[in-house]
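One protein chain, two forms: both are listed below as structure tokens, the first as structure 1 and the second as structure 2.
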Structure 1
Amino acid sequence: MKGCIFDFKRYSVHDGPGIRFSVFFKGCPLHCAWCHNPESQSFEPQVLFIANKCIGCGSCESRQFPEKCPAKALEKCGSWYTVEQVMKRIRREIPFFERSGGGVTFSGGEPMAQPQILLELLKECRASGIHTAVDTSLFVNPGVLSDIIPFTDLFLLDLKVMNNERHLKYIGVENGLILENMHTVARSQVPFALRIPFIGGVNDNQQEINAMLQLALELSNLGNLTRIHLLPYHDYGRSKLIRINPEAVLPPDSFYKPSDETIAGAMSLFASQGFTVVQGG
């Protein structure tokens, strides 16, 4: 069994408690218009083109072989790994986990879009006493989620847009399944956090903020909501998208980072209801 992984990140402190080792799965069923990691969307390995490194030497006849580029203008994104290959990397980090109360975070892309290898990795981590977190959009089959829950110590749940029509417009799918799965996670009593990408012009209006607050209260009453992360928009994904396809359609210029006043107001509103809310991470 193999899974397509596009990155490993050591010493991560923003993806769960303590020092984390983050594993980034390739492939995502969503198409967020503001995606910060567009290289994670395809389920297959890709070759990225870094235009400002290209010296025009002509040594590459295709983008299939990044190792043939002397200027390193071609960069491979994604490789196939077995469970044991991934676990070998994870186990090297155990001393850091033990000293910091950390563990491994499975992210993406959408890690549950490769459910078999994710489940096996979670089981291996559980058997080794390694704390696990799954960072997910929850746009997944409920049966897959039910299999994953018993072997997960923390969920990091993406909450993007509450209005269903706007969700469909900006993300490509309706949000009914996602909201249903959020309630399933809450009822499981596994600790979870909400991560809100805060996008100016999309979900920074008072109607959206109020709806998110009501959902947070509802989920908190059902389960163990540990904290809320507000993640203001940045445009880092634009340069990455060009590396994938120089002719790609870029995110609209209408997206922007909400004002400091709007961010502070949203954080204050969540905090007023007893939630631990942080900006970033």
Structure 2
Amino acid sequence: MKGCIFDFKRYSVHDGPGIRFSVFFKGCPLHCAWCHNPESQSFEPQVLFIANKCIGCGSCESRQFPEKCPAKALEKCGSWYTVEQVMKRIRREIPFFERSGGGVTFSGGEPMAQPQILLELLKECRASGIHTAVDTSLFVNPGVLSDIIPFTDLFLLDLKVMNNERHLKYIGVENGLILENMHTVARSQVPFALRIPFIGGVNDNQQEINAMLQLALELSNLGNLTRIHLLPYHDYGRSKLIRINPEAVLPPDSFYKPSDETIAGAMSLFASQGFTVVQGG
């Protein structure tokens, strides 16, 4: 059994509590227009081209052998790993987990889109006493979710857009399944945090914010909502689109970072209802 993973991050401090090790699965059923890891969307390994590392040596006629690029301007994105290969990397971090209350965060892409290997990894971590966090869009099969829940110590749930039409427009799917899964997670009593990508022009208006607040209140009544993270939009993802397709011509960015007032307003609204709300991480 193997999983397609495109990145490992050591000393990961903004993907859950403590010092963590983050595993980024390749492939996502969604295609959010603002995604800052667009290379994570395809389920297939890809080759990225990082222009500012290129030294123009010309030894890349075929992009099939990225490992031959002297300057590592061609980068293989996504490789297949066995459970043991991943666990070996995870185990090196145990001294740091122990002292910081950290652990492993499975993210991506959508980790639950590769449920078999995710479940195996979660079980292995659990058996080794390692804290597990799953960072997910929850656009997943409810059956898969119920398998994952018992082995997860913390959920990091994306909360993107409340209005169903807008959800369909920007993300490509309706949000009924996601909302249902959120309630399932809440009811399980496993601690969870909400991570809101706060996108100017999309969900930074009052209706969206109010609707998110209502949902947060509902979910926190049902279960153990630890924190709300507000992640203001940034455009680092756009340069990654060029890495995936160097010939791409990007349309002007239709998204923007919400104003400081808007951000502050949203944060104080959530805080006023008793939530712990943080910007970022």
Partner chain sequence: MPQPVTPRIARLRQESFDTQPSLNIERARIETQFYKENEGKYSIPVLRAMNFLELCKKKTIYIGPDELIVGERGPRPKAVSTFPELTCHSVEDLHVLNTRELQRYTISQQDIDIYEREIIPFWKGKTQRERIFAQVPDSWRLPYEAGLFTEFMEQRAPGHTALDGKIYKYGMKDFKKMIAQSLSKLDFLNDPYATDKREELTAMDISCDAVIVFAERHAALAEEMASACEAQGNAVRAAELRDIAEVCRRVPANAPRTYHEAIQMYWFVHLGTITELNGWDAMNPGHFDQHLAPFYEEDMAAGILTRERAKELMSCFFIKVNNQTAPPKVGITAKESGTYNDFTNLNIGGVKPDGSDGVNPVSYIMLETIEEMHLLQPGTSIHISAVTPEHFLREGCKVIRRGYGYPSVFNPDVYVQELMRQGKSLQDAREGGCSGCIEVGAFGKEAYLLTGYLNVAKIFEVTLHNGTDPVSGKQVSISTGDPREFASFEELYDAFMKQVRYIVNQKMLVSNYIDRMFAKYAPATFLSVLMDDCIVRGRDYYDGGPRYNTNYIQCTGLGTITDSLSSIKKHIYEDGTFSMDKLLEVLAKNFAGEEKMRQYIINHTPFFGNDDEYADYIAVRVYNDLYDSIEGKPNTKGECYHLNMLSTTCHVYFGTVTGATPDGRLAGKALSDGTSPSHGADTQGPSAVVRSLGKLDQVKSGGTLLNQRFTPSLLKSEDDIANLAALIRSYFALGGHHIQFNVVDTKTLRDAQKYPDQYRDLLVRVAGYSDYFNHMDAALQEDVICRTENQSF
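What we label the rigid core is the largest C-alpha set whose atoms superpose within 1.5 Å from one form to the other. The first residue in the sequence of structure 1 is number 1, and each one after it adds one. Remember, predicted model here, so these are calculated numbers, not experimental data.
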query	finding
Form selected (criterion: the form predicted together with its partner chain)	2
Shift of K53 between the two structures at or above 2 Å (CA, core fit)	yes
